[in-house]
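Let's start with one chain on its own, the form predicted alone, as structure tokens.
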């Protein structure tokens, strides 16, 4: 059997990064909510907010651990499976990755110990500061990764140089030009807001479980309410970010945008596909379309011309059907999150939310859908860039390692699948155990409660 090393290398990278990408959005989203919960504890000294914060810290730690472990693997893959690519962009791609390690990972790791183990050892203000730093570090980590990826989508601030041994490589001419390349900021905010939604839905899922089981009700009500507000605000601002993101894609990656919408012919008054499917063989898109709306969203003009796939050689087309379906799946789920959040807020206002059992039951499995939406967004963005590893500079087929064989990649892919499957079930086991155990006791009045670290005398603190 002939094995295709390009297919296997791409499959391995897709598998490892999609598995990894389950966890950082949970950490980023939960990091924001931990800051909110703990700030409420800090300013009100209500014991329940301590219990809420401490419980969600345990879930955060489980996500964070798996996210870090699986993220390191991909950096090795650049060297093993994609050595030609690494040699070509190493000067540029390595800089944001190094910045992520220096400015983000150290920040997260440095304060993570206080977050996890310092609750009874430091004063509340110190612990809150550590929580803020971990949350900030998780977002900074996302920023530098998005910068590295965005440069591949919209490469600027570089020049091509030839090394002494005859290899061509891209060299930075302006570091800040690389950092603030045309797509980095909008893609960063798109990722961050998507992560807030994912983290909020995880908390709402567990809180809804407690409400259905009639356990830890006060804990569940307060956890759910704040997570719902974060989810609703995030879901409402995400379309605006997505709209601007699509305009950037239309300007710098028109073939990808055409694939998003299944637009095969360049035309004025281009329609926006609401729902449907596309057939690249027939070069037709079926479904519900709104005439002129794509032109308006891109150029604020219903008559504006939008570039279609006919302006590009067919060998430069992305896999149109995959890009179209994943993009529309992401958008459809985004609309669902808006509708669900607004209905839930209305019921909360009417004081009927937590008595609406069918809705609480619905929220329990709903945690899966933001994960699907973020994964679909990643697939549409990365498949939409094909056949380029670096847009218009380096084709994916030219970035492979020359010294690695297909059987070697197949073996490593199989091992990754086995290890990651075990890791996933361990993660589920830890979550299940913590959720079934529930939060610690919070039956203390706000007026009498004092943080343990504040009650300890100096000798006890020293011994601890």
Partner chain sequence: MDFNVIWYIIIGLLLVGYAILDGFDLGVGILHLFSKGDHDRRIMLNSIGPVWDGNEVWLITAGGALFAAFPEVYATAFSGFYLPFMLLLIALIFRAVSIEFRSKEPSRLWRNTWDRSFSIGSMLAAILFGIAIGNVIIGFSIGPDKVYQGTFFDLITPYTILTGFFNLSMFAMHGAIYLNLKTEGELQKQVQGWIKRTYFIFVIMFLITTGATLYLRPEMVANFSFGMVELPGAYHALVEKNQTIISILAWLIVVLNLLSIANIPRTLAKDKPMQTFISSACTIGAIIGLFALGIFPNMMISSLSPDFNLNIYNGASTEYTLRTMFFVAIWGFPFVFAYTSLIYWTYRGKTKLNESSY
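Numbering follows the first chain given and starts at 1. Everything numeric here is computed off the predicted structure, so don't read it as measured data.
The same protein also exists as the form predicted together with the partner chain; that form is not shown, yet it is the one meant from here on.
**Q** Let me test this: is every residue among 61, 80 and 118 within 4.5 Å of the partner chain in the predicted bound form, going by heavy atom positions?
**A** Heavy-atom distance to the partner chain in the predicted bound form: all three under 4.5 Å.
**Q** Flag residue 398 as yes or no: does it have a non-hydrogen atom within 4.5 angstroms of any non-hydrogen atom of the partner chain in the predicted bound form?
**A** No, no contact at 4.5 Å.
**Q** Check residue 154 for me: does it contact the partner chain in the predicted bound form (non-hydrogen atoms, 4.5 angstroms)?
**A** No, no contact at 4.5 Å.
**Q** State yes or no: in the predicted bound form, is some non-hydrogen atom of residue 339 no more than 4.5 angstroms from a non-hydrogen atom of the partner chain?
**A** Flag for residue 339 set to no.
**Q** Evaluate residue 40 for contact with the partner chain in the predicted bound form, applying a 4.5 angstroms cut-off between non-hydrogen atoms, and reply yes or no.
**A** Contact check for residue 40: no, nothing within 4.5 Å of the partner chain in the predicted bound form.
**Q** Which among 307-315, 287-295, 361-369, 160-168 is in contact with the partner chain in the predicted bound form, heavy atoms within 4.5 angstroms?
**A** One stretch meets the cut-off, namely 160-168.
**Q** Name the residue from 105, 264, 189, 252 that puts a heavy atom within 4.5 Å of the partner chain in the predicted bound form.
**A** Contact check passes for 105.
**Q** So which of 114, 185, 229, 241 reaches within 4.5 angstroms of the partner chain in the predicted bound form, heavy atom to heavy atom?
**A** When the partner chain is considered in the predicted bound form, the option within 4.5 Å is 114.
**Q** So which bits of 410-429 sit within 4.5 Å of the partner chain in the predicted bound form, heavy atoms only?
**A** Heavy-atom contacts to the partner chain in the predicted bound form: 411, 412, 415, 416, 419, 420, 422, 423, 426, 427, 429.
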